[in-house]
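Below, in structure tokens: the form predicted alone, a single chain.
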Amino acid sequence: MPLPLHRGNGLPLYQQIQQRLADQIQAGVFKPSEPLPSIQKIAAQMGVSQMTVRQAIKSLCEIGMLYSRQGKGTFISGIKLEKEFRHVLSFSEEARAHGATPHSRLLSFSIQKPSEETRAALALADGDRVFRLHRVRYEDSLPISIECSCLAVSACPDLMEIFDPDTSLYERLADHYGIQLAITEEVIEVGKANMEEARLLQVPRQSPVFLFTRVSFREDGRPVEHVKSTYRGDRYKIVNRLMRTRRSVLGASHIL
């Protein structure tokens, strides 16, 4: 690093390192998907402790300029992927739209009693059972999300026999059962990765994540799927495109 850090000017050293690295990323010194130099190398160049560098890198990961892969190092983020809200898309369809190849790692696939939340979301009767499909979803080789889908067994009774968990569930529902998912209701929250989520997504513990809860419906309004997903905050951004209604078409009672 050509310029020395300013000591004693009131700005913490880790913030100065954070700004230096951010400037270099924005200037193209480090390219998207390239590994960042090691903490040891940066610390030696800057004349600071490794703990100080680690704090700076953590801050850059939290704002999405860097991302970590357990056991492999820290990498430069590319442009964050937009989460699509204008159309009902499966994860596989979204991945292909990003120019990536979708892939899944199965964690579990079972028939079980639904939670109260799932029972209410799918309008199930007492005694109904659900398929619970738990997967890590990848774009190319990068883990992007952890997804847990629940569907009523009565809607697709032989799903475990005919579905390959590494493929698109939505495509299988359409091809084999004629179930077309046309409408979704989705709630988005922000959280921090717990130990298990961090391990599966290959990010540091307490990294920011998006928490999605989705209910998908057929065109006639019947609920089909209840999903809870955890998405990496360093690789996704939420974009909403809104249109302002002209005041002339608003009733007087709506004008504040």
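Throughout, rigid core stands for the largest set of C-alpha atoms superposing within 1.5 Å between the two forms. Numbers follow the displayed sequence, beginning with 1. Because the structure is predicted, anything quoted here is derived from the model rather than measured.
The next section is about a form of this same protein that is not shown, the form predicted together with the DNA.
For the residues Gln40, Asn194, Ser33, Gln26, the 4.5 Å heavy atom test against the DNA in the predicted bound form is passed only by Gln40. This chain is drawn without the DNA; in the predicted bound form, the residue among Gly99, Gly178, Pro157, Gly73 with a heavy atom within 4.5 Å of it is Gly73.
Ser207 falls outside the set of residues with a heavy atom inside 4.5 Å of the DNA in the predicted bound form. Among heavy atoms of Leu13, some come within 4.5 Å of the DNA in the predicted bound form. The DNA in the predicted bound form comes within 4.5 Å of no heavy atom belonging to Arg214. By the criterion of a heavy atom within 4.5 Å, Thr52 is counted among the residues contacting the DNA in the predicted bound form.
Stretch-level contact analysis of 183 to 191, 226 to 234, 197 to 205, 53 to 61 against the DNA in the predicted bound form, using heavy atoms and a 4.5 Å limit, identifies 53 to 61.
After superposition on the rigid core, the Cα atom of Thr52 is displaced by 2 Å or more between the shown form and the other one. A movement of the C-alpha atom of Arg105 falling short of 2 angstroms is seen between the shown form and the other one when the two forms are aligned on their rigid core. Superposition on the rigid core between the shown form and the other one places the CA atom of Gly71 2 Å or more away from its counterpart.
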